[in-house]
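Presented below, as structure tokens, is a lone chain in the form predicted alone.
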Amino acid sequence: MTFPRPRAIVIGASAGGFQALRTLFPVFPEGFPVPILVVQHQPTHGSGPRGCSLLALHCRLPVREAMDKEPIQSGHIVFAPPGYHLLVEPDFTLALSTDPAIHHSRPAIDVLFETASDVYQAGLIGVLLTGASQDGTAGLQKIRQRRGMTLVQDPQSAESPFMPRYAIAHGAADQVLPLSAIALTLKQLGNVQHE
């Protein structure tokens, strides 16, 4: 199965996610042509902005928290703020929501993945990393239904393997890869030229 160059990448992570993202982010070169949207489960009153700042030290792309109604920009990494679901709107803007938690999480990975798949269709890559929740599986399934690509971290390389194992068991993964291979795949796909 072949895939076009992605129009967007969505990433979901929970327990152990910040360390995984620290490994993943440095692979993206300056000027990477695709927007990257991230849900990392964290406490509502946790260190969201501080976490973004720390991750920005390991990345050549701008890293920040999402703002409601802002346009999606290529080459930017945008995180869901603590306590808010992150959604992609049909006009390629971001929206923040305080709707109820899903799988005990707000932000929820499924909300981002599902709304992004509605907008980007086959042009979306969904990436599910380490975590201790079933969040993200339904979103990956929807991405696959829309003919997007889904990458799931190999549970053996995950700090918390439950979330990737759950996704794999429910048929949500196109590819199961260690973190280093996910990074290389995203870099290569992001730099494929449109025909």
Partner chain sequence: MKSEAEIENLEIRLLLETIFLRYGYDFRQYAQASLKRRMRQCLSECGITLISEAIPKVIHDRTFLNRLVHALSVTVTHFFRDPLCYRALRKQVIPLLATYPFVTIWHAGCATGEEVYSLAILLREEGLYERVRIFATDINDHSLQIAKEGIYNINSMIESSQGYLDSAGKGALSDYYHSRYDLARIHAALKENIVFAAHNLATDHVFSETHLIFCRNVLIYFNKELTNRVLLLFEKSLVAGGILCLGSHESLSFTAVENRFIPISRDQRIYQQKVGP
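Positions refer to the first chain, counted from 1. What you are looking at is a predicted structure, and each value in this text was computed from that prediction instead of being measured.
Another form exists, predicted together with the partner chain; not displayed. Remarks below refer to it.
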| request: With heavy atoms only and a cut-off of 4.5 Å, decide whether residue 78 touches the partner chain in the predicted bound form. | output: no
Report task. Report yes if any heavy atom of residue 120 sits within 4.5 Å of a heavy atom of the partner chain in the predicted bound form; otherwise report no. Result -> no
At 4.5 Å between heavy atoms, is residue 93 in contact with the partner chain in the predicted bound form? yes
Residue 67, heavy atom within 4.5 angstroms of the partner chain in the predicted bound form:
yes
Of 148-156, 58-66, 27-35, 163-171, the segment with heavy atoms within 4.5 Å of the partner chain in the predicted bound form is residues 58-66
Those residues of 82-110 with a non-hydrogen atom no more than 4.5 Å from the partner chain in the predicted bound form are 83, 84, 87, 88, 89, 90, 91, 93, 96, 97, 98, 99, 100, 102, 106, 110
